[in-house]
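As structure tokens, one chain now follows by itself in the form predicted alone.
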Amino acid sequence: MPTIGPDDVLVEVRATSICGTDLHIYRWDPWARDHVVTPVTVGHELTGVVVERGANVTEPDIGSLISAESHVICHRCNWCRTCQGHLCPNTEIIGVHRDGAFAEYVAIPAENAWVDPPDMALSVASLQENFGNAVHAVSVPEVSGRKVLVTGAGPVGIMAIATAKALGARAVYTTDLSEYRLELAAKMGADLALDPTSEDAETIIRDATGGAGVDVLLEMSGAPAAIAMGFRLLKPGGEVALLGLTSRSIEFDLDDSIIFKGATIHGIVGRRMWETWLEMRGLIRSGAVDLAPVVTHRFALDDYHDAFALMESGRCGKVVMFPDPSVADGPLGTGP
């Protein structure tokens, strides 16, 4: 059982979803070896109920359903003091640098608890942190009225497609190697969902844009081939938001991809606290984005090996795990 400090809350985890970052840790790839502080309980996307509060905590109330912002910041550095806490160099990430949510209980700072409506579906509540990555990535470049390419149709890419559509994108194209995820991307609003290994995705997208290329690239895959293709399709003067992790150094044509194109590049980390969360709330409550279809599978937390194997296969959207299977909001091991 975690112990809490005076400014913390103890949360009984009701649902926790698997992130691409968790896959990096599960594989123990170079990124994970360089960033994860062991020993640690993994998992940073969660929803749960507050069951205990530290001595200094007055909110949220005991019994509140909350989701967690996973970045625990220092509040002392120049970035924190200038409302850029998501860039805090002293950040500790739940499930990476401190114990996380793949457990029955987790201790988090009270300020990191985002109170959810009590009737919110647990699976949807658990993935809001990851939805925040998508909202952050889509809202930094200008997407309204523009043609957007999302490289990588994993869960965050799929949520980015829906968000770009909600924010007025003229057209959204996506590429991925998973037929399952491409079909889900189409359901979430992609105008073209293409597999570059089975069709000439680059030519199809260029034709769809009248030969000009896309205005905005949202890179969600971290795959070198996808990154290179995305930059080739970016029109001169376009904008790029980079979220996908490559896990290792890659070869990249900086001259032709960025400098001679006059491209604007945005590195996306976490969520802007708490601006992005407020944007998320508006998108969800207004019905502009429906996250329910993104959740395709549910598992008991004890069956995490099966859950991770499914994530690695690519034949899924968002996978949610439940420490107590009796509270699962859908059938376990299957679709919704």
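All of these numbers come straight from a predicted model, not from anything done at the bench. All residue numbers are counted from 1 along the displayed sequence.
This protein has a second form, the form predicted in complex with a small molecule, left out of what is shown; the following refers to that one.
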>> Please tell me whether any heavy atom belonging to C19 falls inside 4.5 Å of a heavy atom of the small molecule, as the geometry stands in the predicted bound form.
In response: yes
>> in the predicted bound form, is there a heavy atom of the small molecule that lies within 4.5 Å of any heavy atom of L234, even though the partner is absent here?
In response: no
> Does at least one non-hydrogen atom of V269 fall within 4.5 angstroms of the small molecule in the predicted bound form?
Replying inline: yes
> Given that the partner is absent here, does K147 sit within 4.5 Å of the small molecule in the predicted bound form, heavy atoms only?
Replying inline: no
> Can all three of R14, V50 and G95 be found with a heavy atom no more than 4.5 Å from the small molecule in the predicted bound form?
Replying inline: no
> Okay, which stretch from 103-111, 249-257, 155-163, 116-124 lines the small molecule in the predicted bound form, with non-hydrogen atoms inside 4.5 Å?
Replying inline: 155-163
>> Give me the residue from A171, L167, C80, A226 that has a heavy atom within 4.5 Å of the small molecule in the predicted bound form.
In response: A226
> Pick from G85, P141, G189, P196: which has a non-hydrogen atom within 4.5 Å of the small molecule in the predicted bound form?
Replying inline: P196
